[in-house]
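Heads up, the chain below is alone and in the form predicted alone; it's given as structure tokens.
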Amino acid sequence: MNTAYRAIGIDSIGVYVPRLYVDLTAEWAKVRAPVLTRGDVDKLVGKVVDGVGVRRMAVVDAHQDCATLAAMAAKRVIDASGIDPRDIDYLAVGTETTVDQSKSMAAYVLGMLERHYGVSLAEVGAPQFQFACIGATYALESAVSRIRAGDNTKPYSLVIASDVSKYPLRTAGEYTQGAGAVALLICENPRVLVLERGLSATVTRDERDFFRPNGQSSAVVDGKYSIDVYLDCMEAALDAYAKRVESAIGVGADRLYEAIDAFCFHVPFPRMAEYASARVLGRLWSSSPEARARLVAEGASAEGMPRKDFERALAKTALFRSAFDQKVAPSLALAREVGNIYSGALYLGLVSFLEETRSERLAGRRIFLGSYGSGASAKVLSGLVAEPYRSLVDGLRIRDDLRPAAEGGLRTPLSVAEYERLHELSDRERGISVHAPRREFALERLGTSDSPERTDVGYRYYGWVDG
């Protein structure tokens, strides 16, 4: 097979967000204020909405986990694209919150798809990629490289990012939870985003900023340090990416900002994208005499000013606010309504940008993708929006789905009592769903057999429920 340059990238996207959510500005804030802000409800709401950047967080029901979310996103992308699932020969899942310590979650998803569509996918590769929130980007890189090398036997690969972010109740991490999955269909001559060959860079460091020891359901987080590691890794990856861009297409660092039409970052919470924007844009503008002069005039000089003071000053400038509103803010709309979905956060940001800019013509524009995973690794890559993208994006309508059912959407608000009950459920005690499963994949039961004839203790049995 000819392995010369071919356009390879994202052909279609499927997003699935569980319908249950917690409104962080309503009852939850009143109940948590005595613990988190000494009874000041307005202060807590301000901290959540302005300081973190979220209003609602998605919550899984008792019959859902990150495997069912992944299968739902996969079904959506298969159905939306109209392909035969038998034309997929690689199914890779990126996740931080896997359902098994040995078996690839992709194998569970493959089984759900086989049974639902009545097909055999026995020859499909099904690996799981785990590196905190960057796992799905490593999966994407693998899928693209297979096709580029000519190792694929079918036209499509399927990459899924799926996670359920969960932190202890009554802690500062509680309002940075979320749940959801994003599925990316990868092929030649894609209809959404052509990934630019050679225009990617990776940085990896051995760090302790965020990790989850064996046997623990919640992560260990050094919050402020983790933000610093994120920004430092993103900056280093940006510098390496800039060198590759200059070498490959002749765009120097002083012109790179103008060559990028949109920036999508990993979004553990929307405010983090603002911090990342200040670091990345500040770095790009530092190579431009015109931009430096304008920043100095607006009170933000990188010379003689500590880094964090400069970035705080930068974030207040008219130059930054205009750039952020145009090139970054559209990617954050969905995260404000969903919360943190770990490995899928970057790709939810991409969907958000495409949805929020429906009135614009994006074909041919370059999108910067800044991926990050704690522990720590950052990848920067870019893609050009494909000419037929609009026909695929018009079918997404995720914003419509995320409206409450009372407003014509699909979502159901949870009381604090319902939310806490679901939060405390474990694999050993699945509990009763708020909504019985209907037209979705569901975790039906856990295996309990332990005998010479059959052993399946803890095995997860999934099925499609018509309802």
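Computed from a predicted structure; not experimentally measured. Note that residue numbering follows the sequence shown and begins at 1.
Absent from the display: the form predicted together with a small molecule. The rest refers to it.
- From the list 110-118, 186-194, 368-376, 233-241, the contact stretch for the small molecule in the predicted bound form under a 4.5 Å heavy atom rule is 368-376.
- The small molecule in the predicted bound form is not approached by residue 282, whose heavy atoms all lie more than 4.5 angstroms from it.
- Using a 4.5 angstroms threshold between heavy atoms, residue 275 counts as touching the small molecule in the predicted bound form.
- Interface membership of residue 429, defined by any non-hydrogen atom within 4.5 Å of the small molecule in the predicted bound form, is ruled out.
- Remark: residue 318 does not count among the residues lining the small molecule in the predicted bound form, judged by a heavy atom distance of 4.5 Å or less.
- Although the partner is absent from the chain shown here, none of 6, 156 and 249 has a heavy atom within 4.5 Å of the small molecule in the predicted bound form.
- Contact annotation: of the candidates 352, 176, 128, 200, the single residue with a non-hydrogen atom within 4.5 angstroms of the small molecule in the predicted bound form is 176.
- Think of it this way: in the predicted bound form, the small molecule has a heavy atom of just one of 172, 297, 149, 363 within 4.5 Å, and the residue is 172.
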